[in-house]
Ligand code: ASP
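Read the single chain below, which is given as structure tokens and is the form predicted on its own.
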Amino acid sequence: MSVSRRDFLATSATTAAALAVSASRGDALPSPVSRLAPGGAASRPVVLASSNGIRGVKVAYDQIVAGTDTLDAIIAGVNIQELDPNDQSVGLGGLPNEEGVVQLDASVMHGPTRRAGAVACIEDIATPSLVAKAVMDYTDHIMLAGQDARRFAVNMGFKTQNLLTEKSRQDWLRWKSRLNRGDAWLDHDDDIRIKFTTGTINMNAVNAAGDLSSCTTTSGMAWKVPGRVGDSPIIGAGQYCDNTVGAAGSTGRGEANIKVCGAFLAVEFMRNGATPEQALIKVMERVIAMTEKRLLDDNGRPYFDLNFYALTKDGRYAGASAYEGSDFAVCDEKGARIEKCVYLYKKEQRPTASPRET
């Protein structure tokens, strides 16, 4: 993990450029496969991610098998989504805040060295995961935020760019046109669906030696109040890694996860003997117990969903959600595939209306 600043910048630029070319030309990727039994065990190495990481888990797995450090490998995996303008919840093309500005969050944690780094509310840098790693590698700090995080990235050699794609700008205009029927914004057709994303990519890995790393990166909640920071850059919430136990992370409503430090809590449950599935269900129950009434229906079920992912040092893994139907991505010696999350409630139990879907 010890590299010079010059080597770091050269490697980062080369990796990001290669990933951008691969994504743009649509390289062949493994077809997702489902299996009925959720969660599972595998021989190491294992790479686990949210379902949008199906391409990234294969990239990360291949790099780990070739000898790459687990953190470098999963950052290469999440860079695919960060640089993909069609993923509107991460990096380039992410849905903006209420003022039309894309603000990104990310954090990383490296098991063997027990180090971590994060950036919050950073603008104009498409790969905040790499900036988070730079914070970890080159400072005595854990998190940098806002314009100072951007300044740090620029000083480290990261290139700035406009992250708001035309596709995301149009979605922002559609949302803005619905704010007030008496304002000066022209309404779009009534049948246009307004997007509300809380999507993210979380990725965790363990290599053959049992060394772990975790990473989470996001553009956060669509149309958020400027300056809003979710769980993704918060060590112990959006992701957490303990090299003696395992790693965990989340995607979804960050406000719900922050209050229970969900990733840390999942690792602690596993430390005390819970399987990944058991640990994540316990975390989900804790989330709901800590949720305010306005976000629960009359039966105490949440209007929102939240996904968690957990991986143990010996290679067991699972994904979990509040409601049936969510998936996660995993790659091991059997290849990259999509598997089903364990869940608390059947999909037909999910409330059909809410004050606001978040």
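On a predicted model such as this, the values are computed, not experimentally measured, just so you know. The numbering used is simple: start at 1 and walk along the sequence shown.
Beyond the structure shown, there is the form predicted in complex with ligand ASP, which is absent from this document and is the topic of what follows.
Not one of 79, 91 and 129 is positioned with any heavy atom within 4.5 Å of ligand ASP in the predicted bound form. Checked against ligand ASP in the predicted bound form, the candidates 221, 156, 235, 136 yield a single residue with a heavy atom inside 4.5 Å, and that residue is 221. Screening 276, 230, 117, 111 for any heavy atom within 4.5 Å of ligand ASP in the predicted bound form leaves a single hit, 230. From the list 94 to 102, 265 to 273, 245 to 253, 278 to 286, the contact stretch for ligand ASP in the predicted bound form under a 4.5 Å heavy atom rule is 245 to 253. Interface residue remark: residue 200 is counted as part of the site for ligand ASP in the predicted bound form, having a heavy atom within 4.5 Å.
Contact annotation for 142 to 173: no residue has a non-hydrogen atom within 4.5 angstroms of ligand ASP in the predicted bound form.
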